[in-house]
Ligand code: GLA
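The chain below stands alone and is given in structure tokens; this is the form predicted on its own.
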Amino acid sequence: MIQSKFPELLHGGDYNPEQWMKQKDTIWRQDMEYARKAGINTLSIGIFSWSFLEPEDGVYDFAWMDEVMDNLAANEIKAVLATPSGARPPWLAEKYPSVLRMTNERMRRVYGGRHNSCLSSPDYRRKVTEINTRLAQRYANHPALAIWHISNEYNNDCHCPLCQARFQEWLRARYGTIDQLNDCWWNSFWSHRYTSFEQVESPTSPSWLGENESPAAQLAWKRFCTDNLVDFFNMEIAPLRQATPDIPVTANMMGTFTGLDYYKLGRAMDISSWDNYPQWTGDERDVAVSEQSAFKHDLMRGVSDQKPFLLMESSPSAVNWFSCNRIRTPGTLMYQSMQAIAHGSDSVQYFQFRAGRGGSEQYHGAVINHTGSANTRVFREVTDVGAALKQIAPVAGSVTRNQVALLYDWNDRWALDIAWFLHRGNQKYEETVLDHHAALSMQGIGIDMIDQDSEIDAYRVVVAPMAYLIRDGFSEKIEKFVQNGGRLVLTYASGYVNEESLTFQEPNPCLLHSIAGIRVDEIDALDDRRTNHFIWNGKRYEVKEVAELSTLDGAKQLAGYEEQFYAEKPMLTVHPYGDGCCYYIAARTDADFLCDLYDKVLAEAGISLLATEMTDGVKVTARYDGDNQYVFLMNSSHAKGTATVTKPMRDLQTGELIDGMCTVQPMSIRVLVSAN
């Protein structure tokens, strides 16, 4: 895998020059002029260009792309060159109907939209390989080529006969025999025991059409879709690897999109990238919006093992697909951009560079609006971002060194979403992990997002909210971590099912029971009219939505419930185990408790804080390059904020020496570097 490190922070966006082919003599020239003016050093091209690159089957036209690539090189702009599989031309669907997806109702789609290609279709795979090979061979030595952008916002959920056959082969490879599948899926229930893999079909909707209620079958389909997509991704990049072995590959992801396990996809890339579209409000709600973006930035860095990532898309102004499409208030674009860098991005890129005159995204925010003028507030703010990225250029390639890890595991989420218990269809896994991320970040630290396959030995604290599904090998990894001195935080709904979504035959949290030191007897779902309370360290907190009833089995009770029939049952426990310990939170709480708990846990673990005494809305992260530490103080509040840095730092943009308390203006970010 290529270790990607760029000499500068990238600044650019999605560029669609083919939309202006008939005006290229004026528009293309103006595009390059405006890009230089805005400090843009990279542009993503070719993402939706298949109709122009191959206007009919086997007939290719790269002349216009040659001109675009040459224009970029002449203007010292690097190309993020895409493979065009994200949107295929109409002729391909007409000539090769197998490329059209089939819905889970077993209906063949007609041509249209974007994400509607069958990734199992041999015709589609052949045509993608053909055009990718020609792109790679043609531009392998072009001075503009910097990164390969693979497809666009991958997803995969096709139920056609080709996909059914691949699914059945995937099942055969995973389970070996149909009896093993039947046992793992508990198919004695409802007399569902199969006698051959060919009888197994993908989950359907609506439920009366076919199988849609087996948790194990649904989980297997989710896993297959990811593996099929990763297989397609590896097919896409094969000709690129052959022709351009030193050019990194990426594919733009979509945060917490539930259709794919992004850890599996991210680990197949050289550098991860994602598209961030926060719903900024222009008021104090932006504190919560900022936290959601921070969480997803950390997650997208985590899916490729904490390497720097790329912000592939963001909007310089209003998008066009929310129900209420607000423009950005002054300063928001700068905050949005610098926040990505603070969490590990090596780029700020926009969708889109120039607004198209038609199509569904004609009113989507753009660097250059429909009038083609650079005399706009948006263009000036983009230019300001470009200047700021040059000022903090030394940050490029720097990495995180966080001591705290937070689990977000797609397999776990899928299993919870599928599970028929608690708040069925609304288990709030993502919201719960986000709550823990917010509480941890309020302590003055950075956070690494991991899954159950990640290595954890280097961390001091691991937090695993709602670890409902325990994958093979995870409990052994966690046990070793705690025995060697780590602090583990577990919550309710942990250790309920194995990797196949079968319940264990021992007390919950199963496989983690000896570490937690409790035995869970029951779990209760609370509606919005039922709450409970507990007192810890003299402070009273509320319990809501989920509460477990458990019995101590070695752990020490730190707090118990106050009310109802489970009064005095353990709500918060700690269990020493080896040289470390495990905290167990038995119920869902508000943020105030999580913040107080993590203040204690991090202090016990000896976690060094990046900043202290942070006012509401102020967060901090750090990146490292050799002996240099870059600290980012981020204030998402619309009021002035402060924080106290723990050692002397220098403002990377102004040169000001900061020793102690630092002021951060409303909705802004300061970048500090260790003062040597």
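Note that residue numbering begins at 1 and tracks the sequence as displayed. Because the structure is predicted, anything quoted here is derived from the model rather than measured.
There is also a form predicted together with the named molecule; it is not shown, and the following applies to it.
Using a 4.5 Å cut-off to the named molecule in the model of the complex, not one of Asp261, Trp410 and Ser501 places a heavy atom inside that distance. Contact check for Asp435: every heavy atom lies farther than 4.5 Å from the named molecule in the model of the complex.
Proximity of Ser120 to the named molecule in the model of the complex: non-hydrogen atoms within 4.5 Å are absent; the residue sits far from the partner.
Interface membership of Phe351, defined by any non-hydrogen atom within 4.5 Å of the named molecule in the model of the complex, is confirmed.
Although the partner is absent from this view, His364 contacts the named molecule in the model of the complex, with a non-hydrogen atom inside 4.5 angstroms. The stretch in contact with the named molecule in the model of the complex, judged by heavy atoms within 4.5 Å, is 150 to 158, chosen from 539 to 547, 184 to 192, 427 to 435, 150 to 158.
Just one of Phe62, Tyr630, Phe48, Tyr34 comes within 4.5 Å of the named molecule in the model of the complex, counting any heavy atom, and that one is Phe48. Out of the listed residues Tyr175, Phe224, Tyr277, Phe232, Tyr277 is the one that sits within 4.5 Å of the named molecule in the model of the complex by at least one heavy atom. In the model of the complex, the named molecule lies within 4.5 angstroms of a heavy atom of only one residue of 245 to 272, namely Asn252.
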